[in-house]
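In the block that follows, a single chain appears as structure tokens, in the form predicted on its own.
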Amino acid sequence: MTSAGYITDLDYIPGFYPHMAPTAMRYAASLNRVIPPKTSDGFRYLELGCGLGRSLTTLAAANPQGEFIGIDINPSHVGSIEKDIAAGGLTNVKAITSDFVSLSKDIGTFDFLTLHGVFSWVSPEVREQVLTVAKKHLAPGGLLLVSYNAMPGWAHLQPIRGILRQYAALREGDTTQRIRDALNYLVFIRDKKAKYFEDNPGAAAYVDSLLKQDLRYLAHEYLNEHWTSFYFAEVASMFNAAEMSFVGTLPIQTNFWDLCVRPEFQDLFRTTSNRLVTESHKDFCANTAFRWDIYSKQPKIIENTQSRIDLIDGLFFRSVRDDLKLPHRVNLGVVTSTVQGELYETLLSILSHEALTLSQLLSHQQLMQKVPAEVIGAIDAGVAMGLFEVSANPVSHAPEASQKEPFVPSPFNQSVLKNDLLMGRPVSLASVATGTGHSIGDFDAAILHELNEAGENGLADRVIARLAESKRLLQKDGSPITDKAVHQEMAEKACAQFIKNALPQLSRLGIVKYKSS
């Protein structure tokens, strides 16, 4: 095996990426009139370059009917994944140490194939291997998700990557020390007003965001030899040569050009019928710096609204929260949009209490007289703007707060809580109801862990003890709280708020359940 210029002496950081969920990919494909693979009776999922595998294992826990395989060249990564698999009691997932060219010929075909943090960071030869694997092992009608650094958003930032890598190559020590030295040098020349930073104030501000990042992330992001940013058309051409068709993007709002570009550009999109051209226009209007693209092998097209209803199973819709009110306003980075009107009021009143499929929605007594295409269009727009969410199964109504003795039933989630709390990063827990993972803050994870271990009695004291073990203090206005009485009061308040607000939502997702009295 060869790493081909990829950093292998330093593990990547663990992270869960919800776009990689089959549910997200299936919905995006259906939105773009492509029939997605069925999942209710089982499916196969392959992740290339799975890193520490947190997306892989979380999705496996959330989709017990699926078979998951992760491939990574770093044996240390695979070893960590195997420990997570054992600790979480997962039986439907495995990790393999391999490069892409050495995959076993009998590995079979897959309904879903994903690669995140790979395509922009490997050599041209390895990218060709990715395309070969996809062509050979993605089943007809299967979906492939690829993420990459995109142009033109990276145009003014590429010199930063260049100077970090060049300076790191001159330094001694391990990879962590070299990226630390390179980052310090970047800050030095920025603060001394190097002309590049004077002429590119956005790049100067970007340096501040780098200072908040984990050094392991920075090393993998910037020090790989073959780091590349692509125009959408370049990537689409590569996958087209591998007999893959572009079928959509994530996040969902990126499939709606009127949510991605300012009004003065929208006439341009109304007169452009070629989706590949539209995507290129959109990237320039939005200055896109990162893309999540979905491709399909021999995609089957949904011909009309009724066909979409008949052919799409296992996609349920529900309001994001039970207490949402209209008008609902959202800013997605370029434009601000508002959801309002009688149809949305009706949908919100229905979907605040139950999760329904498109077919069930259209047959609902409050919607039977509506035009189906208008109802489905409102659902899709509501998902794009964060009013509704999509799940793999019906999501229950949040229980009454009076219920007691909450517990975490999943051994995988129990393991994640035990090992990831108070690590300074979000903690992602698997939900079979939604078919994906859901992230909470690491402090909330500590509260949930203690609730699961010993209940509400003495909860705040146990959480404070956890903080002390981790050498952490709660903060107020960015400063640590050193007064013990104030710290105790804040911890008690945080625990009470978690039980009142977060716990019902976690119960709704099936992540938390309540013991019967």
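Nothing here was measured: the structure is a model prediction, and the numbers come from that model. One rule holds for the numbers: they count along the sequence shown, beginning at 1.
Beyond the structure shown, there is the form predicted in complex with a small molecule, which is absent from this document and is the topic of what follows.
By the 4.5 Å heavy atom rule, the three marked residues Y17, I73 and V122 all count as contacting the small molecule in the model of the complex.
The contact residue chosen from V118, L138, L131, L315 relative to the small molecule in the model of the complex is V118, the criterion being a non-hydrogen atom within 4.5 angstroms.
For the residues K282, R291, K297, H77, the 4.5 Å heavy atom test against the small molecule in the model of the complex is passed only by H77.
The small molecule in the model of the complex is approached by S98, whose closest heavy atom lies within 4.5 angstroms of it.
Taking the partner from the other structure, the small molecule in the model of the complex has a heavy atom within 4.5 Å of a heavy atom of V126. The small molecule in the model of the complex is not approached by P37, whose heavy atoms all lie more than 4.5 angstroms from it.
None of the heavy atoms of L448 is located within 4.5 Å of the small molecule in the model of the complex. Residues within 4.5 angstroms of the small molecule in the model of the complex, judged by any non-hydrogen atom, belong to 109-117 and to none of the other stretches in 183-191, 85-93, 413-421, 109-117.
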